[in-house]
Every structure is written in structure tokens, then in C-alpha cells.
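Quick setup: one chain, the form predicted alone, written in C-alpha cells, and binding and motion questions come after.
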């Protein structure tokens, strides 16, 4: 899974794009839309943590900014939904750059950096819960306007293809990072930041660039969420649920891999839905499932599902290439 080629990405996206041609079930499509949304946000976290080693607990800060900018520009200022969505991505990137500049210029790393990102997300949640422009505690309801130019559609299929396109773009971005000098610098920072600095890598600038890219991808997920559900409030936009989903998907799927967040999101969401069918829609059940999956992955597959599949593939390849034992007689 690591070092995925362009052909692999094209095949996976093509297979997923064909799903609406095979089923028109709103249940299936809604499940896949949400799973792909989680995969998109997870890919944003993966850029920063999986490749750069900077673990964030507050990606809700970027998700919520993308969602709120998209909704506010439409409802308060009459901006076209597509333009608002684009500006929401830019807004999330700016927030990421600002938080990164403050954190990295101060030399924060490890648990200190993780706690700072969590603190920023919580501060933004509190501000959104009282500010009039965000609807305070009421939130923002985007007016129903089922036209493509309003980023709204009659059915779920267009939304599915849009979020799949966003995921495809994120896959390509991560592949480009893997193949670039910037990606080599980022991995060097992850493995040993002091050694990377000693050989001339501008570690603060590299981490800041990764933070900005990560925030932009995550903000795209927030803007899409606002358009898909047509409602946000501070608990949804800046709540801990999205920060948990952002880190869970790549950890389960395979941190620091191209397809890890997508694979992890599909597996985790599937297990969550199965648990609901078996035990009913109990409050907090999804968190129990997510916690159980995370424990199992850390215990038995620390490289994630992608790493486990790669190990199995290499093992089978060695078995096939090894010469058969000759009988002695």
C-alpha cells in the first residue's frame, strides 16, 4: 500500500465511482458518502502525522473553519456556494498556517503540540457557540435550494461523486508528497528532527507547509459536510468527534500510507454499522466500537491494515519464489 502507484489510485477510484451504477440505495450511498468524508479528513491528518510525525488532537479546528466559512458566506453574505466552499478551504489552510506558525516557531513538538491543537479547537468551539455570525448556540441552517449551482442536488449520487473526487485529489496529493523532495524532508523530520536540521532541512518551514496542506484537505471535508447536511453548529463543526475520526482512520488503515485513511474509514464505518444492526442504535456505541478497533490494531497490527496486507503479500511472494524441497531416497 505504501508507495502506491498512479495506476493503483486510478483503479481504486474507478471501482468506487462505479458503485452508483450498481445500486441506487440511499442507505448504501449515504454510508459511502460519510465513509469517504471520514477518509478525506483522515488523509488530511495523515499528511501531518503519518508523514511528518506531528500528531494533532485538534483537526476539528480546520474542519469547523471550512464548514463555517462555507455556510456563513452563503447565508450572511450571499456568496455562491461553490465559491464559498473554495474560500472555506482557503480559510482552513490559513487557520492551519496560523496555528502551525505559533506552535512550530515556539519549538513545540510531541504531546505539547498535540495539546496545543486540541486547545485551539476547543477555543474555536467556544467562540462559535457565542458569536452572532456563527448563529451562536443555534447554529446555521443553509437554505434548501436543490440546484447544482447552489451545491445542492436532488439525490445523493452527485454528492457521492463530488466527495469521491475530493478523496481522489487527496490521494494524488499524498502520492506527490511521497515522490517529492518535500516528502523526503517531511519523513526526515518524522524520523529524527534534530538530525534533519543538522543536515540543512528547515524543519519549521517543512512542518508549517505540511500543517497548511493538512488543514486545507480537512477544511474541504468541513465545507462538504455543510453542503451535504445543510446544518452546522459549534458542537458539530468543532466537536471532538471529527478529531477522533481524523486520527482513527489512518491509524487503523495504515499511518503514513496513501490508501491507509481510505481503507481505515471504510473498515471502521462498516464495523460501526454492523454493531448498530446487532445491538441497536445505542448512544455512544460507535465510540465503543472505534475504541475496540483501535486497541486491536495497536496490539496486533501496529502498521495498520495496509501494513498487515503488505506483510502477507511479501510472505506469500517469498513462499512462491522459494524452491521446493527435493525428496531424498
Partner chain sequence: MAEPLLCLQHVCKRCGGLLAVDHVSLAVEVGRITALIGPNGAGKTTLFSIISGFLAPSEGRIFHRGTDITGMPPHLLARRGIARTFQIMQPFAGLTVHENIAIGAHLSRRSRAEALDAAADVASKVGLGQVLERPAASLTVAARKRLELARAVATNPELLLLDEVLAGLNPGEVAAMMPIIRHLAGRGITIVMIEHVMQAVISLAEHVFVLAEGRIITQGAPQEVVGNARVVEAYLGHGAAARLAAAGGTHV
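Note that the structure is predicted; figures quoted are calculated from it, not measured. Residue numbers count along the first chain shown, from 1.
Absent from the display: the form predicted in complex with the partner chain. The rest refers to it.
Segment assignment from 74 to 82, 154 to 162, 196 to 204, 222 to 230: heavy atom within 4.5 Å of the partner chain in the model of the complex: Only one stretch passes the 4.5 Å heavy-atom test: 196 to 204.
The partner chain contact in the model of the complex: residue 179, any heavy atom under 4.5 Å: Because a heavy atom of residue 179 falls inside 4.5 Å of the partner chain in the model of the complex, the answer is yes.
Residue contact check: residue 175 to the partner chain in the model of the complex, 4.5 Å heavy atom: The answer is no: residue 175 has no heavy atom within 4.5 Å of the partner chain.
Touches the partner chain in the model of the complex: residue 259 (any heavy atom, 4.5 Å): So residue 259 does not count as contacting the partner chain.
Residue 149 within 4.5 Å of the partner chain in the model of the complex, heavy atoms: Output for residue 149 is no: heavy atoms all beyond 4.5 Å of the partner chain.
Partner-contacting position among 187, 142, 94, 168 - heavy atom within 4.5 Å of the partner chain in the model of the complex: Contact with the partner chain in the model of the complex is made by 187 alone.
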